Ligand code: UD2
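Single chain ahead, by itself, as structure tokens, in the form predicted alone.
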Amino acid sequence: MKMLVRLRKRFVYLLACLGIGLLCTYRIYNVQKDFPDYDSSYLDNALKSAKNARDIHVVIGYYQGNNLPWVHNENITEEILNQNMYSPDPSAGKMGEAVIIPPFESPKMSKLFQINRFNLMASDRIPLNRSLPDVRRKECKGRTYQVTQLPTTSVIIVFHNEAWSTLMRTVYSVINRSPRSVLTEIILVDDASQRLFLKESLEAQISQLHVPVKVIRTPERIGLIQARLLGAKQARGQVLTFLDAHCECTEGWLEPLLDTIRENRQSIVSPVIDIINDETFQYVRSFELHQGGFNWALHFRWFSLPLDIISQRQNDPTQPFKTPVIAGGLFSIDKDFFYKLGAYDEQMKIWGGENHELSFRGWMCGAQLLIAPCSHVGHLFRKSSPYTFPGGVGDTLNSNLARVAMVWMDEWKDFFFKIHPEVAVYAHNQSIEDRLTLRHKKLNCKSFKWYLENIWPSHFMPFDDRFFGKVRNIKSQKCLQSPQTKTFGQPYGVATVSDCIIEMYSPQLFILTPDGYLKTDDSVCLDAPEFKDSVSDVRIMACNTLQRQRWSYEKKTERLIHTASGKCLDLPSKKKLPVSPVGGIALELRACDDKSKSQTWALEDIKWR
């Protein structure tokens, strides 16, 4: 039996490390999974790892909503929904360890899982003040802060039908691991929850805490954006710190955020977001050397830091680093600056796209967006959400994203709407005059072109200095295509050519940057990892700025030449089996041959604006 339990623990741990949920899925190559107590030599190792492998490519998935079979499960009664089953075991989840539910309780565990879309039984067995490992790097542990010089903060937590144990564990972790002198208050904004245990019993629980905690309740569902604005208006702290309702703050999480704002009041700063496993509630340390971005659908993504930023950070790895976009769930901002910058767009609905809007507006209008590597906060990532959206998930998200594009993306909104016509239909009924006035007249903001050039130069958007379009093999008349099968939500695999699609078909659209990287959506590049072989496969892999991913196009010979080897992109010597669900011919890298028609390629420009 003990052997069985150990095997099960190992299996669950493996699942946690491979990627927890659609909302935060990690691809980590040749990088150590844990760095519990390391010194600055870690950066050297990370740099070598990034140069010799694919490095890290992290993907945040898309909200699924709850048009799913468990929502109307008749076995979930009102009695069950309103029952607080918190019954802690003092040793459960200690030091962030996994909670393993015995097999005989699996049926009940599965049933309760449907309520919040995480393992409620495991959560209810973990104490509210459970211990966590100190996951900070060695240099961060050695840093000291003049707490008396830090600004004060109000921590704002919005919840809707949240589980008692996850909500209160968030509150307890804030209180237990924050300097009392800077923690002005915790504001809980109840967005029209129906659970009875979130009413009077919640009020009674927080009244016993030694830090001021108050609850603001909305009479009807208003969504995350409006609820945060409601909490911000009543905040008394100098800084607004927003957290989700299922987080756990670690030792020293708050001081780096506040110190960054102390140094520059126009900073918007986020912690490193670690993972709380939705199945076991194990605390899994995240790899910190990544920054936020977005793909062509404006879905948030984590991408590895460019090598030049990694190199710069070797002098002081505790310093915050820039991020083009923040995840949006966890961040701090000076309250006065928040309102000067325009707060949130009040016409955006419920949830979705608000982090892009704040990030674009922040960078373009005078703020700096940073990630503080010495601040770690765990976040419970779920594979799907249990919440309903008034008006429907699609209407809400598409409407929000249409507003973001229309106000902030300039001519790149045309590209976005062409790629995603399902969003373009929501552009016609948007009233954006007030946000355009804010941008152009009140804040005198810079252009989206400036943003791409200066804040995210490694972007994969079409641009004046690069080719954008289809790459057609002249012999086969087929087009280069990124894989249709996706590993962990990310295009990755053998590069192929397939029948060319006339429409704006994203998998067949590529850019060729001035420095020779053939990129497509989600920052994946044409790569030849085994280029030293006489004949080698060509792959689509996470862009990593390595020499093996660089190509040049000779207009005269119409060949795509691999820079590191001098070889040419070619069809296989004989037709290979399809390598994707829609078919395709796998490409190869081989010695250039002036007489070979299969090595000729046409770069067909596509008008994107």
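In this text, all values refer to a predicted model and were calculated from it rather than measured experimentally. Numbering starts at 1 and follows the sequence shown.
Beyond the structure shown, there is the form predicted in complex with the named molecule, which is absent from this document and is the topic of what follows.
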Report summary line: Answer among 511-519, 75-83, 344-352, 534-542 for heavy atoms within 4.5 Å of the named molecule in the predicted bound form: the stretch 344-352
Query raised in the report: Non-hydrogen atoms within 4.5 angstroms of the named molecule in the predicted bound form: do H290, L307 and H376 all have one?
Result: no
Requested in this report: Indicate whether the named molecule has at least one heavy atom within 4.5 Å of a heavy atom of E162 in the predicted bound form.
Outcome: yes
Query raised in the report: Even though the named molecule is not shown here, does R136 get within 4.5 Å of it in the predicted bound form, heavy atoms only?
Result: no
Query - Touches the named molecule in the predicted bound form: R228 (any heavy atom, 4.5 Å) - result: yes
Query - 4.5 angstroms heavy atom contact with the named molecule in the predicted bound form for D191 - result: yes
**Report entry** The unique member of R221, K199, R262, K340 whose heavy atoms fall within 4.5 Å of the named molecule in the predicted bound form
**Finding:** R221
Query raised in the report: Of the residues Y387, Y283, F448, W296, which one places a heavy atom within 4.5 Å of the named molecule in the predicted bound form?
Result: Y387
Query raised in the report: Across 313-347, which residues bring a heavy atom to within 4.5 Å of the named molecule in the predicted bound form?
Result: A327, G328, G329, L330
